[in-house]
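Heads up, the chain below is alone and in the form predicted on its own; it's given as structure tokens.
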Amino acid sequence: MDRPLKTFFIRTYGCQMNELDTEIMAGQLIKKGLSPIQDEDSADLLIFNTCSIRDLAERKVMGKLGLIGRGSKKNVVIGLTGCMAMAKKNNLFQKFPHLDFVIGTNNITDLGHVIDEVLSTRRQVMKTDELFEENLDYLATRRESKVKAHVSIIRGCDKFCTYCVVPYTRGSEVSRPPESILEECRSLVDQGYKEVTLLGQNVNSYGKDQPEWNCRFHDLLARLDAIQGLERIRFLTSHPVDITIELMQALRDLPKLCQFVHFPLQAGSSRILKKMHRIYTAEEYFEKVDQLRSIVPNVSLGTDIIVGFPTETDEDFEATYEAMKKIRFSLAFIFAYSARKGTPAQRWKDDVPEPVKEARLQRLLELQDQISSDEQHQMLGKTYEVLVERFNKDGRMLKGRTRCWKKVILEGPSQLIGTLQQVHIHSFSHQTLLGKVVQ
């Protein structure tokens, strides 16, 4: 690179935690004097913030980097960050010699120093520490939305599910000090934000690694609920083992807390759950759901499901199918199993044929479509609180969400963006509700 960096473009793959990391990196780059642009081909600095959860996400990044390597981007600094940086760090420079730097999930605070080192030495730089130190400048985060924001509260995971790379790519659980979280949320409210979504691989574990704080997840939620001007609080993701009675009661009692819990089941067969090392049986999961619904009757549940896990039989799959029929999730992310390098499950034979995986996947998708349709029919003619977030893609209608995470399209002026409105639902299209503001 023979000229100073002036512009940057970050392409994000994967989960909400990656989206937040992108926003944090963008904030660092803006403080450094660079400007974000939407045109990837014109940027002086290209960063690919990657995901390793599924094979498809990795293949997309590999294909993109290969394409750039065959092109003519001679005057561009190219970096790779995120989970792939941790999972594949040993051969990335060999495979992609045009890559200038690799930064792991625990090193995004080093971004500025790494770029300076690349420019001054003209050498490839890699930073992939195994442990995360809670020292990020969250207040400099550059967010796209001006209405709702993601806020990190805990990083890493200690559960070691046999199919998952997260404990290896993001390390062990590290909670963020409550004062830092509260400071960021107050700052967001001062900037006009109405909703925050608290992020962590397992938010229910918040504070367990720092018992001297005497602040567990439900305690943190109570402190956030007291912030004047904050309208809504959400959180992702909850591990079923760690959900507590106190958290359920917080969902019932704290007025700003939205009654939606993403509560991954993964499989309805206790044998498969044991093989996945999920640390609960199907029966224990059902008990938690019953308990949650008895305390918070209007709660909506989301889930993740994997079909075709090694040794999954027809009987195992039917148990998952019946579990979904029984619980009736409002939202479900359903995937066919693919082995991830470095996980215990990779050692097992991937013995469920692809056509069988695909057939099982389609059955669950069709079931979930029917459940969602039934739920939407039940919402017709009723009125719900909607936070209006932005214009829809068509630029004419407005878009927002209910407290239970349903997307709503409605008519109205731009002045409604960032406000809570009572919306009467008159119809729906696919997964989206259509409504009208109640005057």
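Start at 1 and count along the sequence shown; that's the residue number. Computed from a prediction, not measured in an experiment: that's the story for all the values here.
Not pictured, yet referred to below: the form predicted in complex with a small molecule.
**Q** Consider the chain as shown here, without its partner, and state which of Glu117, Asp219, Asp350, Asp304 has a heavy atom within 4.5 Å of the small molecule in the model of the complex.
**A** Of the candidates Glu117, Asp219, Asp350, Asp304, Asp304 is the one lying within 4.5 Å of the small molecule in the model of the complex.
**Q** Taking 4.5 Å between heavy atoms as the contact cutoff, choose which of Phe335, Tyr138, Phe93, Phe286 touches the small molecule in the model of the complex.
**A** Of Phe335, Tyr138, Phe93, Phe286, the residue with a heavy atom within 4.5 Å of the small molecule in the model of the complex is Phe335.
**Q** Work out which of the listed stretches, 47-55, 383-391, 397-405, 27-35, brings a heavy atom within 4.5 angstroms of the small molecule in the model of the complex.
**A** Heavy-atom contact with the partner occurs in 47-55.
**Q** Would Cys164 count as touching the small molecule in the model of the complex under a 4.5 Å heavy atom rule?
**A** Yes, Cys164 sits close enough to the small molecule in the model of the complex that at least one of its heavy atoms falls within 4.5 Å.
**Q** Although the small molecule is absent from this view, report whether Arg340 comes within 4.5 Å of it in the model of the complex, heavy atoms only.
**A** Looking in the model of the complex, residue contacts with the small molecule include Arg340, since a heavy atom lies within 4.5 Å.
**Q** Can Thr105 be called a contact residue for the small molecule in the model of the complex at 4.5 Å between heavy atoms?
**A** Flag for Thr105 set to no.
**Q** Gln266 versus the small molecule, in the model of the complex: is there a non-hydrogen atom within 4.5 Å?
**A** Judged by the heavy-atom cut-off of 4.5 Å, Gln266 is in contact with the small molecule in the model of the complex.
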